[in-house]
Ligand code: HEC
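Quick heads-up: it's one chain on its own, the form predicted on its own, in structure tokens.
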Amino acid sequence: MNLIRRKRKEAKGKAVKTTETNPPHAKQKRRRWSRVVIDLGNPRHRRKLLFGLLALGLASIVFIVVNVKIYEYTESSEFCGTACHTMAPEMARYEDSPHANVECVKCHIGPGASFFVKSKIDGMRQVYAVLTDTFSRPISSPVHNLRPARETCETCHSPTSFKDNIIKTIIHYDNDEANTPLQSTLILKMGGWQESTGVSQGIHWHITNPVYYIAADEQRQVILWIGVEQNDGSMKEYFARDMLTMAQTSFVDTAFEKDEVRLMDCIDCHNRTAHYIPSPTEAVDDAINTGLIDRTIPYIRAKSIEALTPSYNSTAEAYTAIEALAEFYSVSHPEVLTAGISTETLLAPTLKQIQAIYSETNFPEMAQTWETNPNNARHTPSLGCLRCHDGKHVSVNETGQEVEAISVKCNLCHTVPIIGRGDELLVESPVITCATPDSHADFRWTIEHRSVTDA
């Protein structure tokens, strides 16, 4: 009996001991951080705290400075134009433009955080296109997601205020042996809106009055429809004659639904203002005018344009073709190859300048030339103003009959040029003289004469 009691007691004791050692609902102890005690009364603690704060402050300053410098660099024209080789043509023309001192971001992004974030997202797409070699050749123009000019251009320019007329003198040269100067002088009617009189006229009438349009192509060179908002809010519509055989109402409605109707702003005319590539004719005339090409060399204007106009597969091929001009002069005008300064012939510097013009205006690796990106600020060699002012965009009445065409009169924006060839006055403006034929009275003759071959 005692033996049984002793065994029960031992079993009970073991159970109690097991329960105390491993309680059934015991919770695992939580790991705790070591206690950090800072005693400011302790000199050692004060030194460590001060050192830590200084290190943190220095690291913060370095972090801020580095990020500001990165931000400034990524916002610089150098980054935009040189970090990506695809932008070489745009950078080359930008550096030779009137906006060379304006950072790219001022026009392409503008102020505000929203467009900054949007530009960085677009930038990631561009990086992907470069890495996968899927970027456009040439760089497409215009930029369709560009910020409205009223939020960028007009932070410096003010087209809504009236501007005085300016006198414009354009110097060209003839293709004759003497490279005879041709000078055109005209008055540009800058115009705009005059608050004191309420008059809106001239070239900048297009900005002070809401004008909408629908283009048929990506480069906005073929205009299908134009809408001019009237003072009462109604829309005066002009259709390209080619569209009159179609259901023009539904065509316009569809364009509005797809957000394909554009409100005209500065960029619709000044679309290449910072990246303009001059034609061979313009580039050669400018080089002759500034003395970079020697005008005393016979036929140099015609031969330079002839060498610059073809499409070449590479810069090396173009340079070879330009150097071949020496063969023409060796046969026709050998004196050019013997005359000169020091050991260099008269022709050699000119050939180098023609090659320089090619490099500055042609980019074979990007398939980009003066023809790939039309300039709308003029009407030669691209259509420019004549995209709409061609006499072929008309308004119609309810029966479909033509009522009015957009004016093609040149004197809306400028006077008829006074043209001189050398010392000879060729065309005299009607403003100066009254001896003008009746057929020239409405100024439309300057357009019609393009198709006249006889005197």
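Here the structure is a predicted model, which is why all the values come from computation and not from measurement. All residue numbers refer to positions in the sequence shown, first residue = 1.
From this point on, the text means the form predicted together with the ligand, which you will not see here.
> In the predicted bound form, does Ala129 have a heavy atom within 4.5 Å of the ligand?
Residue-level check for Ala129: no, no contact with the ligand.
> So in the predicted bound form, does Ala283 come within 4.5 Å of the ligand, heavy atom to heavy atom?
Residue-level check for Ala283: no, no contact with the ligand.
> Would Lys392 count as touching the ligand in the predicted bound form under a 4.5 Å heavy atom rule?
Looking in the predicted bound form, residue contacts with the ligand do not include Lys392, since no heavy atom lies within 4.5 Å.
> Is Cys153 close enough to touch the ligand in the predicted bound form, meaning at least one heavy atom pair within 4.5 Å?
Yes, Cys153 lies within 4.5 Å of the ligand in the predicted bound form.
> For the chain seen here without its partner, which of 253 to 261, 350 to 358, 106 to 114, 305 to 313 has a heavy atom within 4.5 Å of the ligand in the predicted bound form?
After filtering at 4.5 Å, what remains is 106 to 114.
> Give a yes or no on whether each residue among Gly291, Tyr299 and Leu346 has a heavy atom within 4.5 Å of the ligand in the predicted bound form.
Negative, none of the three is within 4.5 Å.
> Quick one: from Ala318, Ala287, Leu325, Ile267, grab the residue that has a heavy atom within 4.5 Å of the ligand in the predicted bound form.
It is Ile267 that has a heavy atom within 4.5 Å of the partner.
> Tell me, which of Asn362, Ser279, Thr180, Ser184 has a heavy atom within 4.5 angstroms of the ligand in the predicted bound form?
That would be Ser184.
> May I ask you to list the residues of 72 to 97 that have any heavy atom within 4.5 angstroms of the ligand in the predicted bound form, in sequence order?
The stretch 72 to 97, when checked against the ligand in the predicted bound form, contributes Ser77, Cys80, Gly81, Met87, Glu90, Met91, Tyr94 at the 4.5 Å heavy-atom cut-off.
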